[in-house]
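Listed next as structure tokens is one chain, alone, in the form predicted on its own.
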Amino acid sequence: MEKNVAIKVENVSKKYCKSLKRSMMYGVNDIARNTLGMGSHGEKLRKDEFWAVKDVSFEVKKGETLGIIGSNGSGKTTMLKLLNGIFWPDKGKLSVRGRVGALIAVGAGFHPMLTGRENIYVNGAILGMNKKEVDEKFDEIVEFADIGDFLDTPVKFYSSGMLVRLGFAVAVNVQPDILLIDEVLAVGDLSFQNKSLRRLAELRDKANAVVFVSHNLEHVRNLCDKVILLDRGKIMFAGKTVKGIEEYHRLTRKKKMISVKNKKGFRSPLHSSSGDINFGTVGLLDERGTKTGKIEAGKPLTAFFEFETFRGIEELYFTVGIRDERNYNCILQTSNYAGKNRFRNVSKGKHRLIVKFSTPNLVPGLYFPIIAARNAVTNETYEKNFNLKPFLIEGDGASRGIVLTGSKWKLDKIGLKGRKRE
């Protein structure tokens, strides 16, 4: 291992078993085989087993902060526990240079019957601190935890917030060479989170390397030099943080689209029809007029709606909208606004309605078109359908808000000029 490398992971795999009974049986069998020098079946999957981490390789150099991102069940925490030595890999090799400190489960190891004071020493020992080190850090830990007069009270009487603060206070006062952090910044109130972020920034500067797991991509963006994106235990991307976050959003949108197409995602029951009109194929057209299921953010958005009328209809108008996956209407337009675009005589047969929206600039995400057809004179509804095929807006960056728009920023200082002082 090179001198400037703090962590090196080479083709590491770790498997779990879905059945507890089989897991125990496999464990006993593996121990027996290893004892007899026969070797276990670490490279093969047996019944009910699956790979939580599969052929993962990366390295973290001294001074670097690596982010590990991915959806739930992607193998992030398993990877961190492998680095911390809680688990051993079934395949591959792990090399870690230096003392490891882990913030994997805040408050893990606390004994409910012991006081806060006693648990500081117990938890400190679990994290690799000796009594002298805890003594030296004790006042700082108590001040950081801010548990008031409850220091000598058994922790079973602590609120969840107090327990979190005490556990974090002990953990961040370890001075490790390698710091492993797993989703611990999502706890506590805003003031405590800010204090924790400041402390983590200090630890990052002192540690040789940091590995940070979080679903909060803003924290990842601000704290990490590079990221790896895991999906089902495999690395889907490794590189610069900004690009990795973009790939995470792209993968997430793709999964949502597949889920919806398989009828496991969003469903809207709102579809009613008088029998006079029936909507069929719905979708997007790209700039060349070709049907597509996705467009890039900022590109013109043109939707088409194919329908069939079973009789001639007079004074027909449409309400067309687009909503996001949270069921928010992002765009809503009516063809009859101010008396415009009323289709006065629509004959029996098949038709296609094309609606070109003027630069909506929707943020990247998954969207659903909606449509209703009504009579402009009587206002009777022929059909409304909010359960149409979804489409994707692709693009870089996080899916925030509803639309992308330019802006100008200015900061003015408001002084006391002209105000009378008392």
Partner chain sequence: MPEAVKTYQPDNSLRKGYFSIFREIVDEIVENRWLTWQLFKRDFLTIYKQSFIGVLWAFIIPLVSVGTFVLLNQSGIFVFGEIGIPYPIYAVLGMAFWQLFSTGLIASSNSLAKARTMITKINFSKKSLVIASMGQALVSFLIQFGLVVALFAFYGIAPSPLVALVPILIIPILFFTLGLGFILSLLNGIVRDVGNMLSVLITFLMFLTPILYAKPTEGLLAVLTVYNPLYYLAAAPRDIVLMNRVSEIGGFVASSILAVAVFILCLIIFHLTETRVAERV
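Numbering follows the first chain given and starts at 1. It should be emphasised that the depicted structure is a prediction, and the values quoted were computed from it without experimental measurement.
Below: the form predicted together with its partner chain, not depicted.
You can rule out all but one of 67-75, 167-175, 89-97, 240-248: in the predicted complex, only 89-97 has residues with a heavy atom within 4.5 Å of its partner chain. Contact with its partner chain in the predicted complex, judged by any heavy atom within 4.5 Å, is made by just one of 162, 129, 322, 284: 129. This chain is drawn without its partner chain; in the predicted complex, the residue among 382, 368, 26, 51 with a heavy atom within 4.5 Å of it is 26. Although the partner is absent from this view, residue 198 stays clear of its partner chain in the predicted complex, with no non-hydrogen atom inside 4.5 angstroms. Although the partner is absent here, residue 214 sits far enough away that none of its heavy atoms falls within 4.5 Å of its partner chain in the predicted complex.
In the predicted complex, its partner chain lies farther than 4.5 Å from every heavy atom of residue 225. Its partner chain in the predicted complex comes within 4.5 Å of a heavy atom belonging to residue 62.
Annotation for 113-129: interface residues with its partner chain in the predicted complex are 113, 114, 118, 121, 122, 125, 126, 127, 129 [heavy atom within 4.5 Å].
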